[in-house]
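Coming up are structure 1 and structure 2: the same protein chain in two forms, each one given alone as structure tokens.
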Structure 1
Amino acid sequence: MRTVRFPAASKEYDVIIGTGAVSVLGTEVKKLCPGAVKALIVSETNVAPLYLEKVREEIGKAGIETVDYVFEAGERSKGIEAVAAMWNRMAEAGFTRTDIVVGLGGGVTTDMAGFAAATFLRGINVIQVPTSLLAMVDASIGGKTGIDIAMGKNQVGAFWQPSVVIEDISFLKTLPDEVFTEGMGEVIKHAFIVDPVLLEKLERANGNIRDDEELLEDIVAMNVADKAGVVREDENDNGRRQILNYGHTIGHVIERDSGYTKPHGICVAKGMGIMIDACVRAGTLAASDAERMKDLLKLYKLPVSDDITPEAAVKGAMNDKKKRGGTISVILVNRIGEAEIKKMTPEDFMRFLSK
């Protein structure tokens, strides 16, 4: 078991990673939230039957009463109705500002649990217990919370850092193969934008990391440290943190246009593949690097293309959070391990994608 300190400016906290890490949940709650009397455990229909009772038990060791909210699994549940139900559940149970929310699940769960905590009584503590690879390396850390609306993904939300994140590697054993593969989209993204050492480790593993708990723990910890290093400089996403959106500008449009039936990590992989090809056509990314990047995505069974048109991609991007005024913040990787933010008008972005 290892601990990565997440140094957000508004609130530093630990990310505890390892097999059996959930066993420290009660101790951490008692230490970090000594005034807590009640906890709302937010989970979903796939995860709750597996881990809800264990999390209840661990929180109970801290002498805290638990209340549950379990929603239907999937991105389609990620809306205001579910969060409003969480607010009501806490209000009915008499929660106060010293009580807590615990997010137990994947990225949809941790986003909504964080948003419910950020907004109930103008902010109470949240503890994240991610159960998917994507949530461990990305969604549960960094403090971004939110919900989707018809016009786009994560359009409503708040920055709200957790008190602690507990990442139990053993939880990944129960993930369906396709859900584990989806998480690799975010893992590989970090390798492309800031971490060539991670990229080399993934290449050496030859696509086989799931059954090696020690290697998996190491890879998860590297990803958490990578994201921490970026967020340290720009917690509120106004500068360097935007490089974490590599592949997302187009990926979010693909995801939204599918009615959220296509998994987030798969859409991000497609977005990265499209950007890799565009950079090669623009002459800014070496063909050898592009081939290496796409080979790694394919090695971990991720797609590298989509039939979205440049027109649809640009139109969708204009409704995304990455838009600033009349420009779009487009994230480029022209050298492995180095990402840059390039401001483009819609016309510039169309030309870039259409070359």
Structure 2
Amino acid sequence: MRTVRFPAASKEYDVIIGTGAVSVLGTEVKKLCPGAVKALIVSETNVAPLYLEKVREEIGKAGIETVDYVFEAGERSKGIEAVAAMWNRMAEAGFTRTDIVVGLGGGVTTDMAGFAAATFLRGINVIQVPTSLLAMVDASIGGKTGIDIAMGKNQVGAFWQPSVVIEDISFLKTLPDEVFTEGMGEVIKHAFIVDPVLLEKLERANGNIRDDEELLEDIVAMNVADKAGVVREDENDNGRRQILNYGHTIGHVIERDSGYTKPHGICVAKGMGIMIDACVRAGTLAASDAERMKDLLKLYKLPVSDDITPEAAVKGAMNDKKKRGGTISVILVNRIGEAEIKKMTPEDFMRFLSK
């Protein structure tokens, strides 16, 4: 078990990572939220039958009374109705400002639990217990919380940092293979933008990391440290934090154009593959680095291309909430481990993507 300190400017907290990490939940709650007498455990229909009882028991050990809210698993639930139900559940149970929310699940759960906590009584503590690879390395850390609305994903939310994040590696055992693979998209993204050592480790593991809990713990911890390093410099996403969007500018367009039927991590991998090719054509990325990057994606069963046209990619990117003014912030990796934010006009971006 190990701890990575997550140093956001608004709040510093521990991310505790390891097999059996859930066993420290009660002690952590007692230490960090001494005034808490009630906890709302937020989870969903796939995860709750597996881990809710364990989490309830651990929190109970801290002398805290629990209520829970279990929603239907899946992105379709990530809306205001579920969050409103969480607010009501807490109000009915007489929660006060010193009580807490615990998010137990993948990124859908941790995003909503975080948002419910950020908004209930103008903000109460949240503790995240992510259960998917993507939530462990990305969604549950860094303080972005939110929900989807009809006009788009993650359009409403708040920056709200957790008090502690408990990442029990053994929870990953029950994750379906395709969901694990999707999470690898973000893991490899971190390797590309800031972490050549992680890249080498993934190459050496030769695609086999699922069954080695020690290695997984290592990889998850490296990812948490990578994201911490980026967020530390730019918590509110006005500058350098944007490098975490590598592969996402085009990935989001592919995802949206599929009506959200294509998984996020798969679309991001495609977006990275397209950016790699474009950088090679522009002469800014060495062919040998490009080959290594694409081989790594393939090794972890991720795609490296898509048939989206440059026109569709640029048009979609211009509609993205992340674009600023008339330009698009395009994230480039021209050397493994080094990312750059480049502002492009739609015309520049079109030329860059055209073969």
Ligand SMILES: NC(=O)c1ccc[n+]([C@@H]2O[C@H](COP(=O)([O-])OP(=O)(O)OC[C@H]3O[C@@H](n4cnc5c(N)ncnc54)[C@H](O)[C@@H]3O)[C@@H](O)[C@H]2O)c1
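So that the term is clear: the rigid core is the largest set of C-alpha atoms that superpose within 1.5 Å between two forms. Predicted model, so just to flag it, every value in this text is computed and none were measured. Every residue number counts along structure 1's sequence, beginning with 1.
The form predicted alone appears here as structure 1.
When the chain shifts between structure 1 and structure 2, Met151 and Gly26 travel together as part of one rigid block. The rotation of the smaller rigid part against the larger one between structure 1 and structure 2 comes to 8 degrees. In this core superposition, Thr261 moves its Cα by 2.6 Å between structure 1 and structure 2.
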